[in-house]
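Single chain ahead, written as structure tokens, the form predicted alone.
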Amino acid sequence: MSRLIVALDCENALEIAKKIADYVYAFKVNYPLVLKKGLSIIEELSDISKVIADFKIADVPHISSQIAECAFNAGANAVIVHAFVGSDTLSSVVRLSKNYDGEVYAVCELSSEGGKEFMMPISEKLAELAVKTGCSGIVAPATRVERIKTLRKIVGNLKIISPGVGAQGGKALEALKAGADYVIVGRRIIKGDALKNIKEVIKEMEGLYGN
């Protein structure tokens, strides 16, 4: 089974998705694509593979649940929520997700440098919150694999998806060895020849890919 999630933050997302669908676990869509194309792009992509709506939901419970509901109604299989908003919002979105047999991933630490400033000092508490509220998994940075190892000890069998591979400097194989279930790759694949690029990433994951 593929352990690659491809971030389709580009105008020609649908075209790329069709070319590389056989090599991915899921596609991840963010606000730029949905704001340009509308929620219908989630529906179109969901006909090709699983879709994770990376809206990094971060609002009061009833608004956060409405955002998640829009994503699930459009065909998303999972949503991403910021854990720092607290247990009431996380619990609300988790409850809503059960109506759709959907998954909820809680962001514990961003892969960017800024993720070190405020999130890293509390990311372990955020991981505990993800477990407590029944989230399906967490988001942990492939750019800092030692953090994946630490957070894995806290979340147990929850899924860990790790962004930051490629353009941000993270290495897919290192993140998987550290305990990530899936790595998220965007620009490294979608810039240029996507099919050629994804095969190169898979080669770098040799020994773990498909396990």
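None of these values were measured; they are calculated from a predicted model. Residues carry their position along the shown sequence, with the first being 1.
Just so it is clear, the following notes concern the form predicted in complex with ligand XMP, a form of the same protein that is not shown.
Though ligand XMP is absent from this view, in the predicted complex it lies within 4.5 Å of a heavy atom of just one residue from Val79, Ala83, Cys135, Val139, which is Val139.
The contact with ligand XMP in the predicted complex, taken as any heavy atom within 4.5 Å, belongs to Ala167 out of Ile48, Ile63, Cys70, Ala167.
Proximity of Ala53 to ligand XMP in the predicted complex: non-hydrogen atoms within 4.5 Å are absent; the residue sits far from the partner. At the 4.5 Å threshold, heavy atoms of Val107 reach ligand XMP in the predicted complex. Although the partner is absent here, Asp9 is a contact residue: one of its heavy atoms lies within 4.5 angstroms of ligand XMP in the predicted complex. Interface membership of Gly186, defined by any non-hydrogen atom within 4.5 Å of ligand XMP in the predicted complex, is confirmed. Only one segment in the set 158 to 166, 173 to 181, 37 to 45, 145 to 153 has residues whose heavy atoms sit within 4.5 Å of ligand XMP in the predicted complex; it is 158 to 166.
Residues from 18 to 50 that approach ligand XMP in the predicted complex with a non-hydrogen atom closer than or equal to 4.5 Å are Lys28, Asn30, in the order they occur in the chain.
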